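Given next, in structure tokens, is a single chain: the form predicted alone.
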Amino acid sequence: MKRTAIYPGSFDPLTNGHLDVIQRAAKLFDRVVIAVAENEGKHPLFTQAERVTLVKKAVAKLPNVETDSFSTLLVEYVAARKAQAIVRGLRAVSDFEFEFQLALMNRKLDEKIETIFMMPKDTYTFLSSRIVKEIARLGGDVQPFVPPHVQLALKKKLKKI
């Protein structure tokens, strides 16, 4: 049986920190599915389809990584994909409390699904999509924080606003 993990998130936009976690997870699991959440409550800059496209391009060279989207309860999506684990990135202690609550709730909803917490490289611990969007909105250089195609997409999107 293949060991499959789901890495869910809004990825609005995908950052180098996300990519670092994806690459690490790809070494541990036979298959990693990057699951782009609908999450309209966050008022995303990019549509779900745009975010899926950006993620797909970023992971194209990772043979055991695929990209999908979902708008259901996460544990239902994980079960439908026949995955065994949820991968979640932790940047700082401040992330832990929220992620811990989610992990416990997911366990309560489906005890067969495990949550694996992964930390990105220390150079990415400060990085978040929210911060990247703010830098881009204010005309700053996001090149060190996102893949080149994401940087370009941010520039194009913010010119439209």
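Numbers for residues come from their place in the sequence shown, where the first is 1. Just so you know, these numbers come straight off a predicted model, no measurement behind them.
The same protein also exists as the form predicted in complex with a small molecule; that form is not shown, yet it is the one meant from here on.
Comparing 60-68, 26-34, 104-112, 88-96 against the small molecule in the predicted bound form, the single stretch with non-hydrogen atoms within 4.5 angstroms of it is 88-96. Shown alone here, P147 lies farther than 4.5 Å from the small molecule in the predicted bound form, counting heavy atoms only. The small molecule in the predicted bound form comes within 4.5 Å of a heavy atom belonging to L127. The small molecule is not shown here, but in the predicted bound form it comes within 4.5 Å of a heavy atom of P120. Residue contact with the small molecule in the predicted bound form: V21 places a heavy atom within 4.5 Å of it.
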